[in-house]
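Before any questions on how it binds or moves, here is one chain, the form predicted alone, in structure tokens.
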């Protein structure tokens, strides 16, 4: 069979777009950068997104609450102690107050009350306080418990007690002008703050002061016929007869202060109703949503300020370690050889030093010069950058011999440009993940150190979550709220950071790109 041959000539071709202007087509979709792609993949991890939201809410709580509560009792307490003045919590009334929200007043839930069993003496004392102040201390009576023991019969009462009213009175020494100011406020607002004083030398068998003494309207005491003995208004034994105590609104025939000092500069030792005194001083009734601590601090504000300090400390340390570790690791990985060997040995020596030992030594020898916080930062920074440096070093060894780096070197790029313009951006995703995970690590270490008492950050103007946990440990059985709220906050923060870190790691790992669709 004869094979037919075809001849290709110029006429066999033609222009398909002859006479038309050819241009590149505009992209139909917007370009996706590295970080945008990482964010998209992070958003697909629902657990990490929820964790990020929780961290954001906790961070907002730490930032906003101390600012929003700048007129709160706790800040006033801090200002008093910072000036060296005696704070009101020295009177031991504002300690251990239970969580209270005005919305739940009288419900028995989150209203500052506690169901407990009290002996007969305390029961009588609470009833006496009710009789004198006119405010309920026992909000609900459940039952009477009679126990027969070898030494006699014991009577107990199961009741619900208002923690804000149970320790009603404090003894406080005020200046003459302040004393007059309190009296004027009482008259204006019809709220009694000053209550009759007692003779501390007269006590009953239980050690309770039970005798009040009459005085003239001017405040001068009324003596008996001998001119030496004070004339008692009446005498009562709280254990037998609490109904004889004075009711609010008397005729002013009792002494309301023990006056001391020289004319013109008198001081007055007053018996003050702590609940009403709080209203007088701060303009609001005492109501603490999370209760108060063993030192009388508002736990809501105290926890927020402690968390804010922990966040700031952790972010600062993570930033410092990132800068030091990035520069140190870049030099190691880029130059290699003897430089890398010498710098690695130096890192090995530092990494072998126990962190706790370093912290203790810095607290002993640097605290007086740079402060507690400064010495703590030095302890974290001394070895904290080693992990970041190791990560950067590994990334530089991975990328420094790639073609685009060799091309840039051929075109005359300097070492600094090669390191931080061409190689370092490729390690950025890993560094971001590592730096974010440094934050919970620092917070965990700081909380552990303050909880164990190695570092003391608890002052009138500063605290930490670890300090709150440590302080509440001694009273966890009686007042668990002091430990509960800091523990919940810290646990939630650590779990959220763990899930958040996992999501970041997966999002910035190029090798996992597309795996979520598979």
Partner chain sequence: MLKYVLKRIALMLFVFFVIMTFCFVLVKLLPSLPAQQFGKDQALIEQRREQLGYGKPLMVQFYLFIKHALRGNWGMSETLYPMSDVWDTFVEKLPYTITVNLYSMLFSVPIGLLLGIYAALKKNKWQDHVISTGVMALVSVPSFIYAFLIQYFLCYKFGWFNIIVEDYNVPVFSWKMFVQLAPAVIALALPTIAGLTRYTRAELTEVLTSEFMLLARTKGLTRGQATVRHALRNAMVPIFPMIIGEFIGILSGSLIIESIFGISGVGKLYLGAIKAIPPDYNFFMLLSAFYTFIGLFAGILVDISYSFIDPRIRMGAK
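Positions refer to the first chain, counted from 1. Just so it is clear, the structure is predicted and the values come from calculations on it, not from any experiment.
Omitted from view is the form predicted together with its partner chain, to which the following refers.
In the model of the complex, its partner chain sits within 4.5 Å of a heavy atom belonging to residue 447. Contact between residue 33 and its partner chain in the model of the complex is not found at the 4.5 Å heavy atom cutoff. Proximity of residue 453 to its partner chain in the model of the complex falls within the 4.5 Å heavy atom cutoff. In the model of the complex, its partner chain sits within 4.5 Å of a heavy atom of residue 491. With the partner removed from view, the residue among 63, 49, 483, 462 that has a non-hydrogen atom within 4.5 Å of its partner chain in the model of the complex turns out to be 483. Of the residues 339, 357, 416, 103, just one reaches its partner chain in the model of the complex with a heavy atom at 4.5 Å or closer; this is 357. Of the residues in 469-483, those that come within 4.5 Å of its partner chain in the model of the complex through at least one heavy atom are, in sequence order, 469, 473, 476, 477, 480, 483.
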